[in-house]
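A single chain, nothing else alongside it, follows as structure tokens in the form predicted on its own.
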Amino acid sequence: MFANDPVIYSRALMSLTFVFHIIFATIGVGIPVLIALAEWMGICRNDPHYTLMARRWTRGYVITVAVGVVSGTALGLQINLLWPNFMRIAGQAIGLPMFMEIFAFFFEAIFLGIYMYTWDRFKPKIHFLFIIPVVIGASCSALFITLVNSFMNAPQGFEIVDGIIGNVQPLKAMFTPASPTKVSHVLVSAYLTSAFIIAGSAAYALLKGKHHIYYKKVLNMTLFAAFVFAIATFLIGDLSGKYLAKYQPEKLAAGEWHFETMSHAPLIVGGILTETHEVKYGWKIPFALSVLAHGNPKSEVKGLNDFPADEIPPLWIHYTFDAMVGIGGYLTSIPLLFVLAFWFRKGNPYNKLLLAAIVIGGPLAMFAIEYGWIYAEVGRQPWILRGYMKTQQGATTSEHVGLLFVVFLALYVILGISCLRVLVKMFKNNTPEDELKLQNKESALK
């Protein structure tokens, strides 16, 4: 059955592409913000270290953008080929943000080229202005594509009569109840993840015995930024729980293995679910689910038993929810410890244990992004367009999706390895110490 099921292969191929593309999409959204912050600090403090950060990160960013363009193009192609029935509706109802996402990307790409090749042609404050459109374009690109995903979770702005879509209201379709929390969560978590990836690379250099002040300044800037982004992510995550409780209660209940509708509902962490829906070895936090859902420990949370059996998401998403939240807690505590040690001068913020924790935080942050998207997408099942079209109805009937899966898997392996090798060689063969020495020599000659 599996070998001949185009729905399963279509979902597998889309999952593969999402898992790969989300890495570069996250970096593509977050890194420009850090580049802008570094260059601005270099201007304000007249500090060449921060200016060098912006230069170096821009070079690496261009490589990741190139790979992201390939995977993003593949994603757009697959949405149209693998889900034709879905696109028949979505193409008309939510076509506006799909077009605007392409416009935002070109807007970003144009100014990225200008920014990259005009470092020494303009005064620093003028040159800094060119990174602002890059930040706007990158964030807007994420905004528009997330609006499409929000539409899939809370579709509105159209009518379907006898299978024909009509009365389309593009702006209403764009701005659904899911939009505020999903867009803000995607953006801020991308900023947080990018900050941790760069902080992790600096922490790794310090652990390897490189004690140049450059690495400490990178760590200081990125972890202070990460602390702000982590707090924002936590607050938005709380609002996301309240959105789910109101608009997608089955997703929240599935993520928490909450079966009986009740007040004072506990939040379950970990555990194993038996066939009789009994949770073993889990840690129950009293009233926490009621607080997450409605902000009140006495509030009632709807359970899975109140939903049709064929509309309940896969219950294994509980683990992705736990992983996402657990990593989020880790990513909040590490910069908090660093900030406290730095501000109050108690302890060494560059001690090996904390540096190792920062290094681990980089990959963990990316895993949290992956887990979050898995929870968002699988938690919507069995719907591709909630309330209107189930996933099986939207898929292609082609028998060749399995071959496409193999082709794209090979493509992503080649792209991933090539990108990693280029980045490693780029930064390993051209260290910050070497660049700073070269800058000092050039300054002495002038």
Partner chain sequence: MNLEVVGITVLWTFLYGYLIVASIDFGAGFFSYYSYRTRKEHVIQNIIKRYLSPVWEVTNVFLIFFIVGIVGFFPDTAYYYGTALLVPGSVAIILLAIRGSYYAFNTYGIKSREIYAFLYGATGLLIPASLSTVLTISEGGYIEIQNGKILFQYNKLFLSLYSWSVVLLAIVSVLYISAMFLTFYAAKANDLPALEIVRRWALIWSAPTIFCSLIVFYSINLHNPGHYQHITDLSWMFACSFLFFLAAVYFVWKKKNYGLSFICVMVQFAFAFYGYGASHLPYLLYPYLSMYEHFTNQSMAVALIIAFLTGLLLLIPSLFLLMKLFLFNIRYVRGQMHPKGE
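Positions refer to the first chain, counted from 1. Every value quoted in this text rests on a predicted model; they were computed, and no experiment measured them.
Form predicted together with the partner chain: not shown, discussed below.
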Legend entry - Partner proximity in the predicted complex: Ala109 to the partner chain, non-hydrogen atom cutoff 4.5 Å: yes
Inset, instruction - Answer for Asn46 alone: is it within 4.5 Å of the partner chain in the predicted complex, judged on heavy atom distances? - result: no
Legend entry - Distance check, Phe144 to the partner chain in the predicted complex, heavy atom within 4.5 Å: no
Inset, instruction - Would you check, heavy atoms only and a 4.5 Å threshold, whether Gly326 touches the partner chain in the predicted complex? - result: no
Inset, instruction - Assess the spot marked by Gly209, His211 and Leu355: is the partner chain within 4.5 Å of a heavy atom from every one of these residues in the predicted complex? - result: no
Inset, instruction - Would you kindly say which of Ala341, Val135, Leu273, Met98 lies with a heavy atom within 4.5 Å of the partner chain in the predicted complex? - result: Met98
Inset, instruction - Sort through Met87, Leu239, Leu315, Ile231 and report the residue having a heavy atom within 4.5 Å of the partner chain in the predicted complex. - result: Met87
Inset, instruction - Just one of 287 to 295, 101 to 109, 248 to 256, 360 to 368 has residues with a heavy atom within 4.5 Å of the partner chain in the predicted complex, so point it out. - result: 101 to 109
Legend entry - Interface residues of 111 to 132 toward the partner chain, as seen in the predicted complex [heavy atoms, 4.5 Å]: Phe111, Leu112, Gly113, Ile114, Met116, Tyr117, Thr118, Trp119, Asp120, Arg121, Phe122, Phe130
